[in-house]
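The chain below stands alone, shown as structure tokens; this is the form predicted alone.
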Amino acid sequence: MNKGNKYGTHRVLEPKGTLPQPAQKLDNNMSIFDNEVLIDVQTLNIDSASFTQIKGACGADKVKMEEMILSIVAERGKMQNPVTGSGGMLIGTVKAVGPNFPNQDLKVGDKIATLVSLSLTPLNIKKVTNINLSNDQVDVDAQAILFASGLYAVLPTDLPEKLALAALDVAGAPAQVDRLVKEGNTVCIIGGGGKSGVLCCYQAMQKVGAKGKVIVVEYSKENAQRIKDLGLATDVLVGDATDVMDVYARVTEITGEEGCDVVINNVNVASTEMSSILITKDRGCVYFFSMATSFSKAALGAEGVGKDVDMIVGNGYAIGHADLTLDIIRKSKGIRELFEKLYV
């Protein structure tokens, strides 16, 4: 059995010398190296920005979407959308564990969710069996590789698998909210009605306390009503996050000209950077969880309007993020019922 690099560089075909995520092509041969795990894949949870782009490009035609997904994997050896650059995550069953994989407690037959992006995960799809247009999940007959540095979670037995997959896919977002938001803060969550938004709203409401505010800007009237019904915000605005000045005017009606302490951007469309930045107070913080974010637009745009704000790239990993997110599902009856409706 060949020896593998802990970061998976032995799988990089093009260009040599880089890591698997930025690589153009990976080796997706499923013969494992000594420190890898082989997974029989059940379901892919495609990143929201990626799924939205594929769905739009294919006119929501499942046959065309299947062809596009298969062509991406065939070309790249991984599920990395060439337009958005993003991936997603997966659930599956452990097929084999290399003798030098760091955690030998992981056993053949364990059901796991990978907590690293599909954009760096070697993947070989034999067949797409179903595409769910409403929740970004794609059922497959496939295999994948987890590197020695790869994060994963054994699926909990008290939650449905696809519900856990949906929640863990965005676990980094509520975990960052937990870190960033303080008691008494004014927080705005842009794109608060999707799965990451709902989880962020819950955690923000827990953190701000009675004197704080959680403002949601949501494009969908249905999703906005969902937030109201679940009591997950103090203020809910239906609006288009790409309409910068409308968002600014309506949010500052609530906050005053000072703006928000923390802004969380969860949208899956482009050109919402400046809406997030303008409503943030000087020395406040914007967390861009969305993979549709242009960080050049954000950096140069903030400079252009004289905004001194901290901008955080949406790292999908934070220590303890999986446990925190699954606990939200367990604690909130309303969110659990919503996720069961959408994902099970």
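Throughout, we count residues from 1 along the sequence that is shown. Note that the structure is predicted; figures quoted are calculated from it, not measured.
The discussion below concerns the form predicted in complex with another copy of the chain, not included here.
Trainee: Spot the stretch among 84-92, 230-238, 196-204, 216-224 with residues whose non-hydrogen atoms come within 4.5 Å of another copy of the chain in the predicted complex.
Mentor: Going through the listed ranges, the match is 84-92.
Trainee: Whether Ser149 contacts another copy of the chain in the predicted complex should be assessed with a 4.5 Å heavy atom distance threshold; does it?
Mentor: Residue-level check for Ser149: yes, a contact with another copy of the chain.
Trainee: Can you tell me if Ala60 lies within 4.5 angstroms of another copy of the chain in the predicted complex, counting non-hydrogen atoms only?
Mentor: Answer no; every heavy atom of Ala60 is more than 4.5 Å from another copy of the chain in the predicted complex.
Trainee: Going by a heavy atom distance of 4.5 Å, is Lys281 a contact of another copy of the chain in the predicted complex?
Mentor: No, Lys281 sits far enough from another copy of the chain in the predicted complex that none of its heavy atoms falls within 4.5 Å.
Trainee: Give a yes/no on whether Thr293 approaches another copy of the chain to within 4.5 Å in the predicted complex, heavy atoms considered.
Mentor: Yes, Thr293 sits close enough to another copy of the chain in the predicted complex that at least one of its heavy atoms falls within 4.5 Å.
Trainee: Have a look at Met68, Ala318, Cys285, Leu38 for me and say which one sits with a heavy atom within 4.5 Å of another copy of the chain in the predicted complex.
Mentor: Going through each option in turn, the one that passes is Ala318.
Trainee: Would you say all of Leu19, Ser117 and Asp308 touch another copy of the chain in the predicted complex, counting a heavy atom within 4.5 Å as a touch?
Mentor: Judged in the predicted complex, Leu19, Ser117 and Asp308 all sit within 4.5 Å of another copy of the chain.
Trainee: Can you name the residues of 226-260 that have a heavy atom within 4.5 Å of another copy of the chain in the predicted complex?
Mentor: In sequence order, Thr242, Asp243, Val244, Met245, Tyr248 come within 4.5 Å of the partner.
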